[in-house]
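Shown next as structure tokens: one chain only, the form predicted alone.
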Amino acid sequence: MAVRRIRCELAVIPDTSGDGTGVMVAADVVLTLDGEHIVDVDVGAAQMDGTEFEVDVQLAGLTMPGFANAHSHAFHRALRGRTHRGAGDFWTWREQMYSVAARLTPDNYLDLARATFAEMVLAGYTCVGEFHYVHHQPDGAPYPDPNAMGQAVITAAREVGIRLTLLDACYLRAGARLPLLAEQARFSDGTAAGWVERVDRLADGEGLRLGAAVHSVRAVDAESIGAVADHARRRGWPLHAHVSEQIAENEQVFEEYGCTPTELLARQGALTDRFTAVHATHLQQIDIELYAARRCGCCFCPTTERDLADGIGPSARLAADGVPLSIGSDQHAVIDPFEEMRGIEMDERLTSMRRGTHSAASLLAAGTINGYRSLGWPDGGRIAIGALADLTTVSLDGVRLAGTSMADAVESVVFAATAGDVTDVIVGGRTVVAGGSHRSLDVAAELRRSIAAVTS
């Protein structure tokens, strides 16, 4: 790609005046790109020497680093609005999820994932971690291409223009010493060795990185957790796992192993600086200490955790111990990075009855740089020299953000913006969304068609 320049009316850039962890808003920022990376950042460019830069793209409003969705199950998008009749909990919701999973094929999964990823891009996400566990045919038999379902996800992301980390999940059992349920058969490779054999047929590509996942300590035995962790370490992959999402999960693991899920993961060598615990809702103090000591991250998915009545995770204690938080939209009850970011703080306010535990800057970091690092893209999530040119712009002229000043722009956007305020999205220097519309897809039509195919 040729060198190009992008002018931002306002941009969120690192604040170098403090300890290096803060951000600031600068006016009239010109970014010079070479390939998919930023090679120069000029602040107040037009005023510096009176020379007017020639630019290829003008971005009005506030431009931020693109958001990273660190935890996604793309096919869950088909469940939106279909699981809210009557009372229930995570376990009753799971039965409805299985019914959709049973209807997936490589072809309709491609369509559904493409539509879901397109909705993410419209919302400002530029990178997604797809926690992928629907691998085989409904009876568990492999497709002629054992990675046909994974390839559908990869193709969907490429066609939409979103950066992807495919977190391929190992799933081996229904619970402690329990065989797989019939509806879980297509999730499993039978053994950890079978999982390794299949995932090693995949390879990184443009806009694509591979990662590993342990579905949960419920679904993967201790020895197999160690095997997956060892393989991820050898390949240099990020490793994610659902951890302590449910109290029942903690109880089952304690009965089987006499410890918490986090302690078992630590014993099996899974906890490293490449590990992310997803949800991390019902943690013990020892779990938090282990994450801090092993430099792990935790991904919170507030809109899903509320929707499934999971509970509220200990974000304040994790952050206080230096554990980086990221965000995910998980089952896509809502696809909106702003709602996920502020949800961490708002949920904490409900439990602590205090405001301001998490600053706007720290929440923005959870939505951007922390998520990128969690997904194996350490050069993403910031607007700086050497960073990926992944950018999201919001208009400050709409009803939610009208009256926003430059001084409080970050706070206003983090605590008041919605996905509907996103106007432009650039991934790797390529414009994917302009004027609030995807450049190549009618996203609403794609969603209607692909959801109908797996629900009607």
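Note that this is a predicted model, so its numbers are computed, not measured. All residue numbers are counted from 1 along the displayed sequence.
This protein has a second form, the form predicted in complex with a further copy of the same chain, left out of what is shown; the following refers to that one.
Pick from D168, E249, D287, E119: which has a non-hydrogen atom within 4.5 Å of a further copy of the same chain in the model of the complex? If I apply the 4.5 Å criterion carefully, the residue I get is E119.
By the heavy atom within 4.5 Å rule, which residue out of A333, V100, V134, I154 makes contact with a further copy of the same chain in the model of the complex? For this set of options, the contacting one is A333.
Within a 4.5 Å heavy atom cut-off, is R198 in contact with a further copy of the same chain in the model of the complex? Taking the distances in the model of the complex, the answer for R198 is no, it never comes within 4.5 Å of a further copy of the same chain.
Does R233 reach a further copy of the same chain in the model of the complex, with heavy atoms at most 4.5 Å apart? No - in the model of the complex, heavy atoms of R233 and a further copy of the same chain never come within 4.5 Å of each other.
Partner contact for D111 in the model of the complex: a further copy of the same chain, 4.5 angstroms, heavy atom: Because no heavy atom of D111 falls inside 4.5 Å of a further copy of the same chain in the model of the complex, the answer is no.
Looking at the partner-bound form in the model of the complex, is W93 within 4.5 Å of a further copy of the same chain by any heavy atom? Taking the distances in the model of the complex, the answer for W93 is yes, it comes within 4.5 Å of a further copy of the same chain.
May I ask whether H84, G311 and E339 each come within 4.5 Å of a further copy of the same chain in the model of the complex, counting any non-hydrogen atom? Answer is yes for this spot.
Thinking of a further copy of the same chain in the model of the complex, which stretch from 35-43, 424-432, 58-66, 410-418 has heavy atoms inside 4.5 Å of it? Stretch 410-418 is the one.
Though the partner is not shown here, which residues of 344-372 have a heavy atom within 4.5 Å of a further copy of the same chain in the model of the complex? Going through 344-372 in order - heavy atoms within 4.5 Å of a further copy of the same chain in the model of the complex - the hits are M346, D347, R349, L350, M353, R354, R355, G356.
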